[in-house]
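Here we start with a single chain on its own, the form predicted on its own, put down as structure tokens.
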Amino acid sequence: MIKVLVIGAGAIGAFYGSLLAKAGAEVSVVCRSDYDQVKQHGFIIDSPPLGRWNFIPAQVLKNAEDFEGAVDYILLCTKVIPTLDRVALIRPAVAENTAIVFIQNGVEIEQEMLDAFPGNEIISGLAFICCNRLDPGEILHLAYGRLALGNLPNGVSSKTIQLCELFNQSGIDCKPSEDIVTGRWQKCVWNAPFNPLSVLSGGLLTLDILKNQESFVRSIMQEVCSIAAASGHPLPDDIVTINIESTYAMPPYKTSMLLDYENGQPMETEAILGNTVRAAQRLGIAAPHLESVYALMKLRELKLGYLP
């Protein structure tokens, strides 16, 4: 049986971990804030598209070092924030044949993992999903759920194909990607405007932001496209229009960054915005809208006490 360890079993980790369990994998989780609830009752996954079910992990742990056995896949689903050492978090559970899969937001976050685990397969994962944690152990899947998985620095291995097949068996569309880094830039097209603007607007939903400031949103998206192209990852010509249309079509949604802000949790400002702005500066690409939004987010973090 395929053994999977989910590290960071929040909304994303619990949802995708539960799908792998549905497909027949033995799935364990590392979760800290919800440990007691999950240890006793598992997770409740409520998904209008897929149904409602109870996910009981094989092992519920507080730390990766407590995992018993050899794990085939580690699914790292934590936030990418400066205070969290991703390498240290997963290292105790990494065995010789463990494939490391990170399903996380942000651009230019790959090299750290490649440097730390040169002997292991590193698989970058992108989730296109509306999914929130409502209460301890309770996950609401609102819409979408598509996954893209690809090896780093590029290509697709047999282990990646195997993982894609498991997800597809569970009812979620999961496709292998030969160039997952380009896909990461593609996801940033949506994340770069909507995540920070949901915070800076004081809590507006995605649809309200778009209806009121579509031109501004488009400008941010276009700057991301220009940076991606300059970095060697050109995106489809219609990517901005597709993102705008899909956002109009999706349910009004609280972004993950807004939920972190409302819950007093650190936000992924650097992974989503900071790395994008630094790439623009390195490549000589003008990005005035992105730079402004990034500066405002850093001021918001300063007010919250996140910065020295």
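Throughout, we count residues from 1 along the sequence that is shown. Values in this document were obtained by computation on a predicted structure and should not be read as measured data.
The following text describes the form predicted together with a further copy of the same chain, which does not appear among the structures shown.
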item	value
Proximity to a further copy of the same chain in the predicted complex (heavy atom, within 4.5 Å), stretch among 92 to 100, 204 to 212, 115 to 123, 231 to 239	204 to 212
Contact label in the predicted complex: residue 77 to a further copy of the same chain, heavy atom within 4.5 Å	no
Exercise: residue 24 in contact with a further copy of the same chain in the predicted complex, heavy atom 4.5 Å	no
Distance check, residue 302 to a further copy of the same chain in the predicted complex, heavy atom within 4.5 Å	yes
a further copy of the same chain contact in the predicted complex: residue 144, any heavy atom under 4.5 Å	no
Option touching a further copy of the same chain, based on a heavy atom within 4.5 Å in the predicted complex, out of 188, 227, 197, 163	197
